[in-house]
Structures are given as C-alpha cells and as structure tokens.
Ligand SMILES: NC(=O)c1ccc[n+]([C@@H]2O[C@H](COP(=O)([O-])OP(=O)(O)OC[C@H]3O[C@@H](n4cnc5c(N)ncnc54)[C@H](O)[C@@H]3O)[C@@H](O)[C@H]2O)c1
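This document opens with one chain alone, in structure tokens, the form predicted on its own.
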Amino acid sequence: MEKLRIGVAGLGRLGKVHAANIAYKIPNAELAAVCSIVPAELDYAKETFGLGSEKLYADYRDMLKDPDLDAVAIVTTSSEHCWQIEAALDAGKHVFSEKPLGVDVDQCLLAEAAVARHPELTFMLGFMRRYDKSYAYAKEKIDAGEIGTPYLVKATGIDPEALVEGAIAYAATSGGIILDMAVHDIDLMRWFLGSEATEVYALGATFKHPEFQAAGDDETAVAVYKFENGALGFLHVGRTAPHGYHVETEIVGTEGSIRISAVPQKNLAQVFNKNGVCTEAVGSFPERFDEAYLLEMEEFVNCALEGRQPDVTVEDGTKSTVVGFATTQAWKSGEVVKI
C-alpha cells in the first residue's frame, strides 16, 4: 500500500492527536518526523512513536529539507501558520494546516498565493467540524431542503472552566477571544447559509477572571452578523463553562430547524439519582471531535495520494479570518463593522 509520509509540526494537545491518528489509525499514512521547539515534546514523540533522533526536529525549516517527507501537518501557534504553509509548499510538500489560516488578512493572502503557485500539491485547512457526522448530517438535510431556506444560525462555543488557567496563559498571544475561539463557528455559518457576512456587531465581558482583561482579552463575547442574502448569525463564545466543553449549533429555516449538541453529552448514558436526571458532558474539544479529527486527516491523506483537492479550501480560511478580524474590530470598538 502506498503511504503518505507526514511530518507533524507542533506537539501540543492537538498536535499529539494528529500525530497519533497518523501513526496508528490511518493505514495509508506514516508518521515520518516531528518538529517542536519544546524538548519535552520531542522526547514524547521519541518514546511514544519510536522515532529516531534524526527524525526529531527543533527547526521547522530543517524538517522541510527531509527528503523522506511527502507532507506536513502544521499544528503550531496561529501566527506561524501562513509562512509555514508557504515554506512547505515551496519545498514540494503537501500541507495540512490547523485553523485559523492566519491572524490577519495579509498573512492569509500570502498563503493563498503559495497554494495558487502549487496546484500540483494538496492543501487542506483543519475545519474539522465539517467532518463531524452530526454537522455533516445537518448540511445534507439543509441541502435537501428539509428545513426550507436557512435564515439564522445560532452558535455557542464555551471552553470548560476546568481548563481556564491554560486559556489565561495563552490570552496575550491568542489574537483575542474571537480569532481564538470563533473561527469554526464563523466557517459553519458561511457553510450552512451559503452566503458571506457583510456586517457585524460584537461585545465582550469579563466577570470571573480579570486576568483576561489584563491581557487585553475577555472571557465571554457575543456577535451578531448580517449576510449578503439577508440571513443572520448569532455567536456566543466563552471560556468558563462549569459543566464541561459546550459546543451547540442551531440552524433555523423557513420550514423547520436543526439543533446540534443542545446537550454536550459525553455518551448516551443518563444517571437517575437524588440530583435528578444527569448527563455527563464532554470535557474538551479533542474528546468531542475525536472522530472528526481522524476523518479530516484521512481525507487529507487520500487527497494527497489521489492528486485532488479537498472541499475545504484556502479561500475558506481567508474568508473566515476576514470575518473573525472584523468581529474583533467590532468587539474592541463597540461599533458596527462593515465587512
């Protein structure tokens, strides 16, 4: 069986998920190298995946020189994505990159130009929610006309309070709560409504952890969007869900609606006791979207081996970043921002 030999750049929480999927769960893929600026992460890769020292890189550009690599998976800090995409494509490697594409539009256009220069190479952006079976099912129903014309998407995404210290530590370099947390929801709004946002109004608030505002960020934000076709979007993101990782989406149409994960349940079990009827919630995004991360990486591998491009494009990344950046402007200024 032909295998795609992939090097993973970045071995944080999500990088470890992608590396394990490539190494153990995708038959036509091979984890051929890793790159990290954190020595402990390289030690982890050596011990967990059995990679030799010569396949452990502290410098990304050195990894790109490895002749044994066909592709790279970029799971690094958001601000590094676009130059790393460009460098990998120019080095002749297929590229999978985690979201967001970039933290400003100029970065995104740099990546777009690199993708355009290399039509022979596969590029894929990690909007994994499109590969989640529930979201994919909702899209099929919308396209089939099951809820009429969709005119409103309500999206909620709240990280667990249990992980808030990590969010606080990252706040100063995250690009702000919108770019950090809402790009997936913005992409889904565009996908479900089949239209582009034209204006946005946004607000933020902090009630529990003043460390966020000290870093120029907020712990909660909301935004309202208007789209070219007249449809609307409502967004609520936060970092203090007491019950676990809460992601919920509702698409409202002229003839019905679809709700996804109204209760972010861990499984189908319910506990009946003195506290009532209790359903345990998922605790993190790797747990909630475990299968989606695997399915999107499988699609990337198959696209690269078959010489085709995935449905998620570099332009999707740019457009979502444009909307995310405008939302950040609206949140900071308190004014309606035209997109």
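Residue numbers here begin at 1 and follow the sequence given. Note that the structure is a prediction, hence the values are computed from the model and not measured.
Quick note: we don't show the form predicted together with the ligand, though the next part is all about it.
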| message | I'd like to know if residue 330 sits close to the ligand in the predicted bound form, meaning any non-hydrogen atom pair within 4.5 angstroms. | response | no
| message | Can you tell me if residue 99 lies within 4.5 angstroms of the ligand in the predicted bound form, counting non-hydrogen atoms only? | response | yes
| So in the predicted bound form, does residue 37 come within 4.5 Å of the ligand, heavy atom to heavy atom? | yes
| Are any of the heavy atoms in residue 324 no more than 4.5 Å from a heavy atom of the ligand in the predicted bound form? | no
| remark: From 77, 149, 213, 198: within 4.5 Å of the ligand in the predicted bound form by heavy atoms is 77
| Of 175, 204, 126, 233, which residue is found within 4.5 angstroms of the ligand in the predicted bound form when only non-hydrogen atoms are counted? | 126
| query | Exactly one stretch in 116-124, 77-85, 250-258, 156-164 has heavy atoms within 4.5 Å of the ligand in the predicted bound form; which is it? | reply | 77-85
| said: With the partner left out here, which residues of 1-22 have a non-hydrogen atom within 4.5 Å of the ligand in the predicted bound form? | reply: 10, 11, 12, 13, 14, 15
